[in-house]
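One chain is shown next in structure tokens, namely the form predicted on its own.
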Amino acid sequence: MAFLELTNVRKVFPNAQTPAVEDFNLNVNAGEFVSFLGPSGCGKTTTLRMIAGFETATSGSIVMDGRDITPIRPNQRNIGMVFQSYALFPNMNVADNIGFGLKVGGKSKPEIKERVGEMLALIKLEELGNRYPYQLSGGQQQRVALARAIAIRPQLLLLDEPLSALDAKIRLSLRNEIRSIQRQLGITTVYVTHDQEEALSLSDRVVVMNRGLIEQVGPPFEIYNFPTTEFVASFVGTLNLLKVKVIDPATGAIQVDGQTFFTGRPLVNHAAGETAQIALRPGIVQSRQHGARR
């Protein structure tokens, strides 16, 4: 059984002409890092918010660790969430921000102090516990937000475009830290982003979304190299679209402007003589005789 199961999840906002999320089905395994990838307005953040409980699904079910959490309030789901805007409390220092969820959960002061110390060490900000958010850089604030989310030992970690407000260099560094911490803790994680590089580099699997629907789910290698829809092919990576004539479907032989080429697999859904469209990634064309890149 999967750790997180979303079954036929649908979300329609009041007065909306079309659903924000439609027929969303996904199983996430324990310890897996899954990214929702897609353009703005595709439904990825709405889906994340339904998992967190901040939005109510119009229909469908969300099950976590065998428990149906669809009707359960957010504070009863044992989920940690990192927001795009950090959402740190400006009147609390770093240590108090990290320990806030523990305090609300009724933990004792010694327990909170010990756990906060562990989190400060984990995010490498041991010396900054007494500083306030305004005294931190954007990258440091995001580390604190991450530490606050995982301090409560959640069963599931959700991240909503947590790096979009940071500059490129810090984004790359923090991206690697998030993945390292996730692996160290073994926590099941769902990550929302519109940045394909982030999704492909961080994830065990990527869920590509468009207009409220799942276009494709798979490992990054599969999403990049074997897109199953035209949208995925055009949204992920750079490519060229070419009209070709199918010569021999069994061998993958195709013809472009009188030149014969071979695809990497048989063309099972095409017949000899018909016209097809192929998506070609730059730099992957190889010589059939020598295997050298062309």
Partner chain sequence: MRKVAWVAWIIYIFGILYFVLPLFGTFIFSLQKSRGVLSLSAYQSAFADPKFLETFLFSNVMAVCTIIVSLLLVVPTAYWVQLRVPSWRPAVEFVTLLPFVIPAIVLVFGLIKTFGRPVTIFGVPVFPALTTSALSTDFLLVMAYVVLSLPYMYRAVDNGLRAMDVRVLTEAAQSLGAGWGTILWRIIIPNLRSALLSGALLTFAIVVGELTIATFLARPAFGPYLALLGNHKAYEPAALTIISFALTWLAMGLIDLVTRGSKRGPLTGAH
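What you see is a predicted model, and the numbers here were worked out from it, not measured in a lab. Residue numbers count along the first chain shown, from 1.
Another form exists, predicted in complex with the partner chain; not displayed. Remarks below refer to it.
Participant: Is the partner chain in the predicted complex near all of Phe33, Ser59 and Met64, within 4.5 Å of a heavy atom of each?
Facilitator: Negative, none of the three is within 4.5 Å.
Participant: Just to be sure I understand the contacts: of Met209, Leu163, Met81, Val192, which is the one whose heavy atoms reach within 4.5 angstroms of the partner chain in the predicted complex?
Facilitator: Checking each option against the partner chain in the predicted complex, the one that comes within 4.5 Å is Met81.
Participant: Here the chain is shown alone; which of Pro219, Gly186, Pro71, Pro74 has a heavy atom within 4.5 Å of the partner chain in the predicted complex?
Facilitator: That would be Pro74.
Participant: Determine whether any heavy atom of Leu88 comes within 4.5 Å of a heavy atom of the partner chain in the predicted complex, and answer yes or no.
Facilitator: Flag for Leu88 set to yes.
Participant: Can you tell me if Lys103 lies within 4.5 angstroms of the partner chain in the predicted complex, counting non-hydrogen atoms only?
Facilitator: Lys103: contacts the partner chain in the predicted complex.
Participant: Contact between Arg143 and the partner chain in the predicted complex at 4.5 Å, heavy atoms?
Facilitator: So Arg143 does not count as contacting the partner chain.
Participant: Should Ala121 be counted as a contact of the partner chain in the predicted complex, where contact means heavy atoms within 4.5 Å?
Facilitator: Taking the distances in the predicted complex, the answer for Ala121 is no, it never comes within 4.5 Å of the partner chain.
Participant: Using a 4.5 Å heavy atom cut-off, which of 168-176, 110-118, 95-103, 198-206 contacts the partner chain in the predicted complex?
Facilitator: Of the stretches listed, the one contacting the partner is 95-103.
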